[in-house]
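Here you get one chain, nothing else, as structure tokens; it is the form predicted on its own.
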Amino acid sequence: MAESKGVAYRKGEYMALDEARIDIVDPAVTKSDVVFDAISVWDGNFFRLEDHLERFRASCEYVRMTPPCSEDEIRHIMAQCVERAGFSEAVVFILCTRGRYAGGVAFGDPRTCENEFIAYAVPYYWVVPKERAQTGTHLWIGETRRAPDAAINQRVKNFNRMDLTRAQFEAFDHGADAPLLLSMDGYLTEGPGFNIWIIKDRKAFTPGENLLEGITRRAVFDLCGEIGLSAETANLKPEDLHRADEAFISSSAGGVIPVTRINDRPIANGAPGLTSCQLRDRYWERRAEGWYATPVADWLAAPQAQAASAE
């Protein structure tokens, strides 16, 4: 049997990922009018599922969309996608699209659209090459700037990503693994799919504005507390990163990954930092212990059946 590339859900049906389609006149395509979230699964467990669903709900509310299914139904659909794909390690994407305008044309009144929910599970992946989790990753601060919150609210997880994609080309053209974008004011923000952290004088700092507040970023605050490391948000300039004792990124796609190089300069001695490695290892140890875990198996049954069994 060929290895599964993934399973998708749309309009009440499950299908192989390669068979999934979306209407080309849906504003999700014509206007990037779609919000989403991405939840990691490891050893058959969702990580911080409720936090992801809370963020997804907030994203939908901000753009004035309503998924045509309950949160319990979303949990069930996600679990089914993972189970049907045969994955024990996965990333599950959930999307709410605007849906067609009345008449099916590419323009119209968004209030008339019927919002659509889509989900799909793919094999677990790393936001940078997997081996960088051990050896350290190389980031590139390019000329492309992060779109400001005043234009696109970055706390809403969305697909308005021209800035991130353009920055990726900059990073790849210079032989780096991923880009790190600055705000219009020159402060560090984030990269495509990850948050940035620095460690200086036994304190951890991460940007607090013009970015998506990652769920794994939230987990790092918890981990820092567990190892007695102070952690806080701060306005950080590129020079703060260059002068850091250590740096790392946090992402649902890879957890905690040390950073060893920024542009053409190493961080400190150019080796993964000891505290970054401690946080990386602690992240995976805690997940193995069932930290913030929701078993996929708990949501395979239909929500109505679960409600009945609880009575």
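The structure presented is a predicted model; accordingly, all values stated were derived computationally and were not measured. Position 1 is the first residue in the sequence shown; the rest follow in order.
Keep in mind the form predicted together with pyridoxal-5'-phosphate (PLP) is missing from the figure; the text below concerns it.
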- Message: To test your reading of this chain, name the stretch in 27-35, 57-65, 247-255, 268-276 whose heavy atoms come within 4.5 Å of pyridoxal-5'-phosphate (PLP) in the predicted bound form.
- Response: 247-255
- Query: Taking pyridoxal-5'-phosphate (PLP) in the predicted bound form as the reference, which of R98, H138, H76, R217 has a non-hydrogen atom within 4.5 Å?
  - Reply: R217
- Have a look at K237, K203, R161, R155 for me and say which one sits with a heavy atom within 4.5 Å of pyridoxal-5'-phosphate (PLP) in the predicted bound form. R161
- Using a 4.5 Å heavy atom cut-off, state whether Q80 contacts pyridoxal-5'-phosphate (PLP) in the predicted bound form. no
- Task: Look up in the predicted bound form whether L229 has a non-hydrogen atom within 4.5 angstroms of pyridoxal-5'-phosphate (PLP), and give yes or no.
- Result: no
- Query: Are any of the heavy atoms in S183 no more than 4.5 Å from a heavy atom of pyridoxal-5'-phosphate (PLP) in the predicted bound form?
  - Reply: no
- Task: Check whether G142 has any heavy atom within 4.5 Å of a heavy atom of pyridoxal-5'-phosphate (PLP) in the predicted bound form, and answer yes or no.
- Result: no
- Using a 4.5 Å cut-off on heavy atoms, which residues of 183-211 contact pyridoxal-5'-phosphate (PLP) in the predicted bound form? E190, G191, G193, F194, N195
